[in-house]
Structure formats: C-alpha cells, structure tokens
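In the block that follows, a single chain appears as structure tokens, in the form predicted on its own.
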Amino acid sequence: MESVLESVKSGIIRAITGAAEKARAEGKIDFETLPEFVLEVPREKGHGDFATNIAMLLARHVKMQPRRVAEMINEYLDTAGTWVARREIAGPGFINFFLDSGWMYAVLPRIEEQGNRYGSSDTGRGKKVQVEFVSANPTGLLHMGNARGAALGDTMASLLQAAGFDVSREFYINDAGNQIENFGKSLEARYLQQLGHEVPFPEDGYHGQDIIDTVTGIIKNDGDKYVDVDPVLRREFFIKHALEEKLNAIKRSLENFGVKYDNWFSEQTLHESGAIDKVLDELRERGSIYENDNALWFKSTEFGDEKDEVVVRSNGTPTYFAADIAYHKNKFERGFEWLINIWGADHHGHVRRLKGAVEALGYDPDNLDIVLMQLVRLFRDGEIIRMSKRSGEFVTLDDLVEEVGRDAARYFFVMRSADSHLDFDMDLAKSQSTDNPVYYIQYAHARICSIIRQLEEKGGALPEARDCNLLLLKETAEMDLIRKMIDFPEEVSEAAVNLEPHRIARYAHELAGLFHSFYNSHRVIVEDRELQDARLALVISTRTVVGRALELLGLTAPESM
C-alpha cells in the first residue's frame, strides 16, 4: 500500500508532468523526453512542504532561463485534488508547493489500520538478501567489535525485512586455518601446564582466561587422560571439544543480545567438499590465476587492487582469501541476489580484491556490499577502558549486557553510522535520565501507556482515529508529531536500502522528543470530549510508531518505567 506521503507526492508529480506536457503541446517549450526531476522536502520550512527542480533541468534542453521555464510550467499546473494550497517560484527556478494541512490527518487512521505493520513496504519486492555478520573466530569470547557488528547486522536485517526483502542472517564460522592450529596448541599448552608440566606457551597463542576454563573442564571430566596421547590426536580432540563449547557460548551470547541466525556456515566444509579447489580451477580457466614462486596468485590488480593476492601458498595450503572466494560463490549459488557483509574497518584492504574475485567469477560486484565499521571505545567514569584481545583482557559482550542491559547496548551500537568511531559511555547507558537516548525513547512509550491507563481507570474508552474530528489537532506540537509519523515508512525504506540503521535510531529519538514536547505543553485527558478523542488518537498512533521503531532496533517497548 502506498504511504500517505507517497500518495501526496505522486499526485503533485502527476500534476507537474501534466503541466510540462501541456506547455509543450501549446508550443511554449520544446523537449523530447521529460528529464527525471525530484520533488523533495526543502531544508527550510519557509520554502514550502515540497519543491521541484524540473525547471532547472528542462532549461538545459529548451535553452531558456530556469525561472522562465518555471513560470510556464506554473501557468499550466492543475493542482486540483493534490492538497496544494498555493505555490511559488523561488531562487533560480524552484517551484515550491505549500499544502493544506488537511493532507496529514490521513496518517492517523492509516497507522491505526496497519498497527505494527506501519512502516513496512514492498520496496525490496522479495529480493533475496543475505546479511553475514559477526563471523567471529570461534576461539574465544565475543568482544566489542563483535558486539557492534551484531547490533548493526541484526538491525539491518530487520529493516530489510520490513522493506520487503527476503532476508537470511548468516554466521560464517572460521573453523579452519592457522588460527585453529594455534587454538589447538594453546589448549594443549594450558592443559599440560594445569597438570604441572613445564611447557612453553605458543608465541601466537590465545591468552584468555576462557582457554584455561576450557581445559579445566576437560581435566575435571577426564583427568590426565590425554597426557600420553599422540600430540596430533590430542590437539584434534581439544579443538573439536573447545569449538563446540565456544560456538555454544557464542550462540548463547548472541541470543541473549537478541540475535538469532538463520544459518551457521562452517569454513571447514569448503575444504572438505572440494569447493575451494573447484573455484580456483574456475578462476584459472578464466585467466585470473597464475603461478609464481611455487604459489598461486589471484590477479587482483586487474580489478583495481594495489597488488595481486596469494590464494595457495608455496606449501600447497589455500589462504583465507581462497576460502572466502569459494564462500561467496557458494552464496550466489544458493540464490542470494544481494550479499551484505559487516566487517571491521581493519579489513578494508580485503574489500577490493574480494569484489574483484566476485567479478572474475562472472557475478556483478555491485551485488556485494561490504559495510566497514569503525572501532568502539568504552568509557567508564570518563576514562577509556583499555582492552587487548592478544592478552585476553577485554570487556565481553556478556559483560556489557550484564552491566548496561541489552536495550542500551544495542541502541548505542547503532546510533552512529557504521563508518564513524563510536565512544560508548557506559555510565550514560546505565543512567535513568533523559540524557540517555534509550531511556528517553522508551519513556515516551511508557508515558503514553500511562495516559491510556489513566483513561481506563476513569472508565473511558479508547477512540478510533477514523471516528475522531482530527481537524481539532492544530497546535504546532500536534502537527509536528503527525508530520514526523508520516515520514516513518520512507525512513525505514531509506535506512534499509542504504544500510543505515542509525537513521532509525535517530528517528526514534526525534519522535520521542516531539512527543515529550507535546506532553509537556498539552493535556490529553480534558473536558472537551472531541478534543480528548483526537489527542488520544494522536498519542495512540505515536505509541505504535515508537514501538515499531524500537522493535526494528531490537529494543523493548516498556509500558511503565
């Protein structure tokens, strides 16, 4: 269903198009094809509700001054039935449209009718999208980078679903390669050390307390059973046991964070199935791989990269990049039309070569989007919390959720654009004050629920928006709220298509602010029954939209606080 805003804009666009065609038919202007013009909301309220640039675009074709073209189009404009109250020509040739405020009231019955579906659209038309995010090495606990990726990826997926895409969330398990070998050596060293054997710890080993906890559990169950076992077999057992334990812990942490995946994909399966060898053979046939120094190289420089990249080392071992190529081919083979990866900014050098490999395989590289997210700095008491993955000293996702709560953690991770560095103030996230954006938004929802409870306690009934005299809503605070809710479907669609979940975080905060301003200056439950019903319809719609925004962000909508 077309949104209220889309419906109004469509009517004005048809009127503009008709006016241009009439001017051409009358011989006033001459053009072959009408250029693609825009109708948008001006930055300044004084410039109207909408403005179009059609005159500036047509002026290039008809070789006339833009203002003169605007005057001709304006002369033939028939705005009957479009809610346009007046129009004016401004600046170099913009046509500004000022609407009768009556157009906005239609949104309240629309929100009431659609309920929690308000904001959804068919923008994506069922296009199959895969969002791959977090994909942490299953060798330890989830850290702040993983946490931000989880919030971003899950919120993006929710927004894409709301915008009509067919979405699948996927976690890529890095359970092969050097990091797994080092993982096994770390477990082995800690196991033997815990049993009193003096053995060195591997230089590239994993230092976290969780490694010690894992081998402590093994010792508790099996004692020194593995001391005399062949080291290769011993490490294989430790790796298998620990991977299962770590993956289960990762799944629990993410589910506690509100994130559930549709699929968990093992890198190891690419090695076992021969998929890596197969994709390398295909690239070789396509002329995109060559041999040098006993290694195989992908011609990534042919796709804009600074240097070619090794895909098989001189010892015959495929690189992580080779597995990544096979994995992305597998994604396309599963029917996904749009691939979205959430990566840490430290992987920026890998982007161009992966998109190049996708293109070399015959796929459109524009169907792969890689969102690079910047670092998170945690603050407590105004001081940065120093963290080091290498030493195993860092705040885990579980630690964060336990301290500040899931809602605050998720909101803070998405409230800034992914490409912006994020300073996470833990004291602010925990505070129950209007300075805390999460509290501020949720408090708006709870306040509305309180108003409704007050009405019910007095024996009052909730009105239906379509039966209310909504024309009574004419105060600035009321009209600002209505106008903001009209924008919600477009905000969701734009946030989804452009992979910008921070837009919904910002929108929710702005909508809550408009509600608080309204609440502080106008009473809802009043003696005038007609006015009361109209304002109740307004706040009920506001509750619906605030609640929907919170839901898309993965947050709860409390009824009391």
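Counting begins at 1, following the sequence as shown. Computed from a predicted model, the values in this text were never measured in an experiment.
A second form of this protein, the form predicted in complex with the RNA, is not displayed here; the remarks below concern that form.
- Query: So which of 251-259, 99-107, 195-203, 347-355 is the stretch with heavy atoms within 4.5 Å of the RNA in the predicted complex?
  - Reply: One stretch meets the cut-off, namely 347-355.
- Message: So, a 4.5 angstroms cut-off on heavy atom distances: do all three of Asn53, Val310 and Asn520 pass it with respect to the RNA in the predicted complex?
- Response: Judged in the predicted complex, Asn53, Val310 and Asn520 all sit within 4.5 Å of the RNA.
- Message: Only one of Asn367, Gln374, Gln268, Asn74 gets a heavy atom within 4.5 Å of the RNA in the predicted complex. Which one?
- Response: Result of the distance check: Gln374.
- Task: Answer with one of Lys127, His143, Arg380, Arg416: the residue that has a non-hydrogen atom within 4.5 Å of the RNA in the predicted complex.
- Result: In short, Arg416.
- Message: Even though the partner isn't displayed, in the predicted complex is Phe238 close enough to the RNA, meaning a heavy atom within 4.5 Å?
- Response: No, Phe238 sits far enough from the RNA in the predicted complex that none of its heavy atoms falls within 4.5 Å.
- Quick one: is His421 in contact with the RNA in the predicted complex, heavy atoms, 4.5 Å cut-off? Yes.
- Message: At 4.5 Å between heavy atoms, is Val62 in contact with the RNA in the predicted complex?
- Response: Output for Val62 is no: heavy atoms all beyond 4.5 Å of the RNA.
- Message: I'd like to know whether Phe303 contacts the RNA in the predicted complex, with contact meaning heavy atoms within 4.5 angstroms.
- Response: No, Phe303 stays farther than 4.5 Å from the RNA in the predicted complex.
- Heavy atom contacts to the RNA in the predicted complex at 4.5 Å, residues of 283-308 in sequence order: Heavy-atom contacts within 4.5 Å come from Asn292, Asp293, Ala295, Trp297, Glu306, Lys307.
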